[in-house]
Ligand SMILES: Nc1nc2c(ncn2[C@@H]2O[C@H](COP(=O)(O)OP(=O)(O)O)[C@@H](O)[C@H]2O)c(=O)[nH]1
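Okay, here we've got a single chain as structure tokens, the form predicted on its own, with questions on binding and movement later.
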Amino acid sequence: MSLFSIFKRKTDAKAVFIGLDSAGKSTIIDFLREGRFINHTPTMGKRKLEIDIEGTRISMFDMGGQQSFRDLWFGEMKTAKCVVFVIDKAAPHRFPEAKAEFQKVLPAIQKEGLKLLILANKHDVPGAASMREIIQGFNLLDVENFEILEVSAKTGYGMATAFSKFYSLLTGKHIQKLNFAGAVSVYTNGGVPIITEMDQNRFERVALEGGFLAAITQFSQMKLPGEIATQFILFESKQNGTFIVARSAHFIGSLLWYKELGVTVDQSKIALGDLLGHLESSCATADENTVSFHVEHYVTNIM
């Protein structure tokens, strides 16, 4: 079950994803649908994907970005409610080409009164262009009625926020981003801390309780059944709340849940399982700095 499946539950709405080839349109769409990174080859022509959200069936048209397919954008935009223009912020050398295509479609977007969401993708790439450079490079200060967000469809950075904004622009309804955790920490499967995303004073109080770190140590020593992908235990903290602890093949993750978050324990368990699943698929054998980087990015979706 994906991170975003809690939003799923019929009116129809159509969104068109456009932008240069290799900008990441397909990976963004699949992350929105599946809650995880899926590697793609360039889209040839177009592909249509659907998702049901809160009584609305959304059709997402993934449009090929190669020069030979760009004329197809205009035909699909005629019956759309929202246009998502994807920019590869790690490829500033292609900004002039992307800007030229953006300027071609902008009059049609404005004429039809379409909602416009700009996603600056590949935020995870070192040296990627800043938001200021993108705004200046695409003359966005001269454009009215649009939203722009920085995301990474590879690490998950900002994808829950993008999902909420995309749904709001497309339907006029609002989905509030949910917080699934008051704190997140990740350990190796041997119980060695990799990263803790929590208030340091709170972490020290939990550590002093003894039970929390003992639970991590105990879990690290347990044999993981081969047929179970992720295993969970709960640790009730009198001072802090409920710690959900999960173990996958290479990691142990801990998530702090308390009732004020407004979500159920099961929803937070799903979020923690998705985090570990993302780490397993993205960096299970990577160094701790890479793991920490992925955790910090993905945590933007659950905190």
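All of these numbers come straight from a predicted model, not from anything done at the bench. From 1 onward, residues are counted along the sequence shown.
Another form, the form predicted together with the ligand, is not on view; read the next lines as being about it.
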| said: By the heavy atom within 4.5 Å rule, which residue out of S248, Q267, N240, T43 makes contact with the ligand in the predicted bound form? | reply: T43
| message | With the partner left out here, check for me: in the predicted bound form, does some heavy atom of K165 sit within 4.5 Å of the ligand? | response | no
| Should S152 be counted as a contact of the ligand in the predicted bound form, where contact means heavy atoms within 4.5 Å? | yes
| field | S282 within 4.5 Å of the ligand in the predicted bound form, heavy atoms | value | no
| request: Report yes if any heavy atom of S59 sits within 4.5 Å of a heavy atom of the ligand in the predicted bound form; otherwise report no. | output: no
| Stretch in contact, per heavy atom within 4.5 angstroms of the ligand in the predicted bound form, of 23 to 31, 254 to 262, 232 to 240, 271 to 279 | 23 to 31
| query | Which residues within 122 to 136 place at least one heavy atom within 4.5 Å of the ligand in the predicted bound form? | reply | K122, D124, V125
